[in-house]
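Here's a solo chain for you in structure tokens, the form predicted on its own.
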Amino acid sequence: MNLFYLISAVCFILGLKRLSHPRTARSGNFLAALGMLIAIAATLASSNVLDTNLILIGVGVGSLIGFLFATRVQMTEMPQMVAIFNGLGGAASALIASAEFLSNPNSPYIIVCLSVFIGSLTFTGSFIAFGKLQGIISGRAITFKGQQLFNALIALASLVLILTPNLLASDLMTAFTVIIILALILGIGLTIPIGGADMPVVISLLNSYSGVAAAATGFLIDNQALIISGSLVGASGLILTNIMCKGMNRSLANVIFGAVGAESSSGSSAEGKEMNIKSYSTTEAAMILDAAEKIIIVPGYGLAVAQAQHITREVADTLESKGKKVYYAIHPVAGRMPGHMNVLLAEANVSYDLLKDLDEINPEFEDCDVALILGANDVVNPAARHDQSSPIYGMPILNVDKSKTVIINKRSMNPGFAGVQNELFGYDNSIMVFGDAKDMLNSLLKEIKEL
């Protein structure tokens, strides 16, 4: 059995490595799935206490749900699905640890509680994140007076119950039950004050939590494959969280306690002063693009909501057929999850060579004729460079304002996830083309072809 676990671990590591680049991500996902299949098969073959019929029923139900998700969930809804997967992963770890504790009173209490605590916290936290992403819960930071103290007291009480349960409870079962309740509450308490601007960080952090919970459960039931896979998920999630924090120039503590997106009386420099907004038609925008030689497209969540990735590629292909250079600028936290824009554009068969990350594309804006912004907001806001009162101050942004002309497509003048207006909209070299991204691009494509 250990040999099969070793093979599965190698598949996990190779799969994770290949997931680091869009070109190899699909094969990496297949390798990781194969590794998990081998691990599950080896575990089932080595166990004599599992009911085969129940296992087959579980496999059937799970396969059906997975099939429905895979065929019906839109690419724009991937962040929500990832949030759900994180939550269900945490819940699975908590349930396994609970079953072990209830069936074996001699189970190591601390490890049981750690698995249950982290898993339960991940479960509720992930579903709050899902609600925010889906629009069921306000995407803004939800705060109340004494919130941080409340969360701290819950965390402290949980720690005491895990390490010294007899101090606050009459028996282990009571302490165990209270830990579950506190963890569920803490998952909600830690996630509701996090605004939409920080959702990419939250998703990767919750992913890390689910891995840690799985690893703890692996130690509890002495399953090497679960320990390895959980550790890999926990470590990779933490690394990705760190990358996301750097992409926003924020510490993890600032993300958790900073409440970006909360209602605030103070705002960026664009707040409180009138901006000279210049609204153009798609005909005028098409003429500007027709005269340009170098164009950089900046996709954002507005593009994702409109499901405009395919028409974006058509516009880019048409411009390239006219002899123009077209690139895509991808900010690390554009959209609502890490890699969101890469996934959307890959679905539209946009060449990987055209996708440029922040460090690679920023120098290109200085000799760029047109930067075409499609639903992006905070990641192109120049206030991040100079306005210390802005919640996004210090965040690395795409330097679109250095282009000769900036064409900005938005449905309205509503602010982005950070809750602040974008001063770029009033710049002399910026023009606005209002409307749904897909409708606007369809009209723009028609106008370009007629020129």
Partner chain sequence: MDVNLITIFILAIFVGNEIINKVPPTLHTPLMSGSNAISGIAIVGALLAIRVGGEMGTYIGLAALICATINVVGGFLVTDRMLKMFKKK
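Being a predicted model, the structure only gives us computed values, none of them experimental. Positions refer to the first chain, counted from 1. Think of the rigid core as the biggest set of C-alphas that the two forms share within 1.5 Å after superposition.
Beyond what is shown, the protein has a form predicted together with the partner chain; the following relates to that form.
**Q** Tell me whether Leu19, Leu102 and Asp317, taken together, all sit within 4.5 Å of the partner chain in the predicted bound form, counting heavy atoms only.
**A** Checked in the predicted bound form: all three residues contact the partner chain.
**Q** Looking at 371-379, 339-347, 288-296, 149-157, which lies within 4.5 angstroms of the partner chain in the predicted bound form, counting heavy atoms?
**A** Going by heavy atoms within 4.5 Å, the stretch is 339-347.
**Q** With the partner chain left out of view, which of Ser321, Asn166, Ser351, Asn106 would have a heavy atom within 4.5 Å of it in the predicted bound form?
**A** In short, Ser351.
**Q** To verify the annotation, which of these, Ile185, Ala92, Val178, Leu172, has a non-hydrogen atom within 4.5 Å of the partner chain in the predicted bound form?
**A** Checking each option against the partner chain in the predicted bound form, the one that comes within 4.5 Å is Ala92.
**Q** Ser279 near the partner chain in the predicted bound form, any heavy atom under 4.5 Å?
**A** Answer no; every heavy atom of Ser279 is more than 4.5 Å from the partner chain in the predicted bound form.
**Q** Flag Ser251 as yes or no: does it have a non-hydrogen atom within 4.5 angstroms of any non-hydrogen atom of the partner chain in the predicted bound form?
**A** Judged by the heavy-atom cut-off of 4.5 Å, Ser251 is well away from the partner chain in the predicted bound form.
**Q** Look up in the predicted bound form whether Val112 has a non-hydrogen atom within 4.5 angstroms of the partner chain, and give yes or no.
**A** Output for Val112 is no: heavy atoms all beyond 4.5 Å of the partner chain.
**Q** So, Arg385 and the partner chain: in the predicted bound form, are they within 4.5 Å at any heavy atom pair?
**A** So Arg385 does not count as contacting the partner chain.
**Q** What residues, if any, in 56-86 have a non-hydrogen atom within 4.5 angstroms of the partner chain in the predicted bound form?
**A** Going through 56-86 in order - heavy atoms within 4.5 Å of the partner chain in the predicted bound form - the hits are Gly58, Val59, Val61, Gly62, Ser63, Ile65, Gly66, Phe67, Phe69, Ala70, Thr71, Arg72, Val73, Met75, Met78, Met81, Val82, Phe85, Asn86.
**Q** If I superpose the two forms on their rigid core, does the C-alpha of Ala9 end up displaced by 2 Å or more between the shown form and the other one?
**A** No, because once the rigid core is superposed, the C-alpha of Ala9 moves less than 2 Å between the shown form and the other one.
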